[in-house]
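Quick heads-up: it's one chain on its own, the form predicted on its own, in structure tokens.
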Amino acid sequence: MRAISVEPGKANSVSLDEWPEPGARDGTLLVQTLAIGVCGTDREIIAAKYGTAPPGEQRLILGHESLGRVLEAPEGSGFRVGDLVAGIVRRPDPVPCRACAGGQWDMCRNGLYTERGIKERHGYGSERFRVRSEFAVRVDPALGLCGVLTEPASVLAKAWAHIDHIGGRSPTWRPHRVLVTGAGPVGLLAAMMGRQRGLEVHVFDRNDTGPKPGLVADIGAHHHAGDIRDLEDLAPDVTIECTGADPVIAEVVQRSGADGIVCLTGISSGGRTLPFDVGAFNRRTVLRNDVIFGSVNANRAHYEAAAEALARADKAWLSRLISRRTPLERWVEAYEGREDDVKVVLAFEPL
């Protein structure tokens, strides 16, 4: 079978090659890959910024955002041949820590977890893969290719679950206004879930042209471009930061409403120093009972919540998030970042 792999630590070593069929030790479900999503993580692994091959191997099969069709499913697995599934990315550490032992491997405390297509475990970027049934999530067949959005949606399902949990510290907390920074696929899915909750959603993004403003408007949210400081009077109850841009982060953590919750989901590169009044920030945060927290990855419950959210979403709108569908024969193009990209999908099979 063909698979897309990279030699971690060696820039631009990505290639499409023949690989052996997946071994039974990877799981009892045999899945035909239909598509994988491409994101910044994949491009950074290709650029040798991080990524780790499985122990004893030199190369790592890419692909952590998956969509596939079950080819083999043993009795009692909970799946049937023909089911559409998405594979979960993270696996619990072998110790395991308290979080991993409780099924909360997204909150691993010792860092010994593995991740398919990222850290010490082959990804889903092969024509077929195997997965254990407990690490596969059924996808609504009506979603078709949009089912590949399950993994990025799971990250936002987790963010919203933690926001709800934190908000529950006060029985009177009733969020009304949400600010999402960034209108990439993660930001748009965050906004979609906010609208599904009936909230007033505002999306800030640097792009005021292209498909993103229309995608924001068509879910009933408000699009803003320009300077983030122009939103000083917005005072959101919830902010979900999806850009990882230092200046944006510095602004949003100081501009929430009273009892505000700021969730940071974007990963910053670091190495940049900005002027920041720590004393004023601390005073404001304490006196207004604000909460700022980071969120990454997801566990099974979040994947299931993501699959449900996507199933409730407008399918035509979701399909517009996928701005480029690249066939496997032109796989190199999928890893090229383009200015008008929203979500790029590498299609192994037609859907």
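Counting begins at 1, following the sequence as shown. Please read all numbers here as calculations on a predicted model, not as lab measurements.
Beyond the structure shown, there is the form predicted in complex with a small molecule, which is absent from this document and is the topic of what follows.
When the small molecule is considered in the model of the complex, V296 lines it closely, a heavy atom lying within 4.5 Å.
When the small molecule is considered in the model of the complex, T326 lies well away from it, no heavy atom lying within 4.5 Å. By the criterion of a heavy atom within 4.5 Å, H302 is excluded from the residues contacting the small molecule in the model of the complex. In the model of the complex, the small molecule lies farther than 4.5 Å from every heavy atom of W317.
A heavy atom within 4.5 Å of the small molecule in the model of the complex is found for one listed residue only; from D237, D93, E115, D205, this is E115. With the partner omitted from this view, the residue of V155, C100, L145, I228 that lies near the small molecule in the model of the complex is V155 [heavy atom within 4.5 Å]. Of the candidate stretches 53-61, 37-45, 281-289, 309-317, only 37-45 contains residues with a heavy atom within 4.5 Å of the small molecule in the model of the complex.
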